[in-house]
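In the form predicted on its own, a lone chain appears below as structure tokens.
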């Protein structure tokens, strides 16, 4: 049983509706009503919306819990992110450094941690708690970058956030950098589909990543909409893409044709 009480506060727990409880924050666990959650059992934590309220989602071996701490939400979320079950490395980081291909003007190195969990990697500092789900992670690799007028090896991390490509950088001793590069890429490889993509499927993925729309892809590859849709279906099935918009193709009815004819007559006079 945990001993050191850090905070007692009202909380709402979702159990077929939001129910008022008391939360007690200990040095190694959080107790909500009769529910005791050890920090070492927290596999994932996320600030999200749930049933009309902002909530902290906790994922443990025993399931998911949604909690609303009201005015203390940010404070407790920050505390939980620093204490969830994770491999944690002391680093300096910039996140985001580049957003949508544009350098973020006020980006600065921050002292903090790179934390790795089953579901995400985290950039953690007193000011930032950035969660990047594995599904949103693009690539990770080493790069030379000028830091304090010296060339240093850094870890370049790209990920997608709200349809924008974000680039972040990690700075740490080279032995740690090497370890992180190998470790994260091994975990990324586990997320990749076992099936090999065809050359055209890889081209389509690259063009979508670069912001080329469906009409542009059809034009570049010289393929009809139906064929592109079949490629899209396979990429969605493999978990490499998701539907964000359904495009409609229309043809005019006789009523529409008459309307166009009338409009053209007006133009011609």
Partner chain sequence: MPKVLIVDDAAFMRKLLRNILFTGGFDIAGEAENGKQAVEMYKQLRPDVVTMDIVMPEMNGIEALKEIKRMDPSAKIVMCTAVGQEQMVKTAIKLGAKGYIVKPFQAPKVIEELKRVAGI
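For clarity, a rigid core is taken as the largest C-alpha set superposing within 1.5 Å between two forms. What you see is a predicted model, and the numbers here were worked out from it, not measured in a lab. Numbering follows the first chain given and starts at 1.
FYI, the form predicted in complex with the partner chain isn't displayed, but the following is about it.
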Check your understanding: 155 to 163, 71 to 79, 85 to 93, 113 to 121: which one contacts the partner chain in the predicted complex at 4.5 Å, heavy atom to heavy atom?
Key -> 155 to 163
Review point. Taking 4.5 angstroms as the cut-off for heavy atoms, does residue 143 touch the partner chain in the predicted complex?
Key: yes
Practice item. Verify the contact flag for residue 126: yes if a non-hydrogen atom of it lies within 4.5 Å of a non-hydrogen atom of the partner chain in the predicted complex, no if not. Key: no
Check your understanding: Might residue 32 be said to contact the partner chain in the predicted complex, defining contact as any heavy atom within 4.5 Å?
Key -> no
Practice item. Considering only heavy atoms, tell me if residue 103 and the partner chain come within 4.5 Å of each other in the predicted complex. Key: yes
Point to revise | Proximity to the partner chain in the predicted complex, single hit among 223, 240, 47, 207 (heavy atom within 4.5 Å) | key: 207
Practice item. Quick one: name the residues from 64 to 98 with any non-hydrogen atom within 4.5 angstroms of the partner chain in the predicted complex. Key: 98
Review point. Aligning on the rigid core, do we see the C-alpha of residue 60 shift 2 angstroms or more between the shown form and the other one?
Key: no
